[in-house]
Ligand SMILES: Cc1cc2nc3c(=O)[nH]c(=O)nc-3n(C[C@H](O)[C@H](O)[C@H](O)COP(=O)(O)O)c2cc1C
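Quick heads-up: it's one chain on its own, the form predicted on its own, in structure tokens.
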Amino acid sequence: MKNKKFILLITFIILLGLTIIYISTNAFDKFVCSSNDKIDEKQIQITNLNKDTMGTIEENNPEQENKKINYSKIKLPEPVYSSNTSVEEALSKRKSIRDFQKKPLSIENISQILWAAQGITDKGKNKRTAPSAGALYPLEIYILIGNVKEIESGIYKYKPHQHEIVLIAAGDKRGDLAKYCAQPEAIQTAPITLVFAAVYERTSVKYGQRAERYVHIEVGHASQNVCLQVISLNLGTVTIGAFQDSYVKKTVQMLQEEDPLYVMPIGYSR
């Protein structure tokens, strides 16, 4: 009888422990997902200021068709999930492109490229196109737009869960960024440039000292996605890892906890 009670007690303790682990894990995941989508007060203030000083476009107005979108938040069109370019073909054609035409990109190009880098593939589980240690997703992506048909020039930040870009600073900043990076001509001539940043704390909270390694692996996954995606769009890119970190961070107006990792100018090859 005593053995039976003891077994029941042990079983109850085990079940209680499993329940606590399940609840705490879910709570942690929700915390991480929500923190990934936050913009600090400084960025919100900048966005609101730009919104107050910029106009809007009336929908379904033929006279406005050729005008660029200058909202503080731009909802991107749905990305395409298939193409005529195979993975094998994209791999075989991938190469570094440093000289770009002045030909502008489209908002559909922007949507596809950003989705390839960090887009959501499973909304229920918040999974993304690139693997991440513990699904903690420390990467943040900024995009400097200089020559896109439908979007005003400026620095924008990609929000994966909403699949939208948020204006950080208006105006063509490609020249400002180029001053602090290797291969400045590529950045100056490319219609857009992606800047990958990372919040190491998102990963270190679980993996400690190995977090830095995991984050650097992850930015490699994401940038390779972009390298292959641009092939299917008949575009080109080059990956730049040589730059002055503090100046790039300041130019792009990153948050304090973000650190720049990679720069990728993208456009039509000359």
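Predicted model only: the values in this text are computed from it and were never measured. Residue positions are given as counts along the sequence shown, with the first one as 1.
Beyond what is shown, the protein has a form predicted together with the ligand; the following relates to that form.
Only one of the listed residues (161, 179, 127, 98) places a non-hydrogen atom within 4.5 angstroms of the ligand in the predicted complex, and that residue is 98. Only one of 231, 222, 215, 240 comes within 4.5 Å of the ligand in the predicted complex through a heavy atom, and that residue is 240. Note on the interface: of 74-82, 118-126, 179-187, 143-151, the segment with non-hydrogen atoms within 4.5 angstroms of the ligand in the predicted complex is 179-187. For the partner-free chain shown, just 262 of 251-267 comes within 4.5 angstroms of the ligand in the predicted complex, judged by any non-hydrogen atom.
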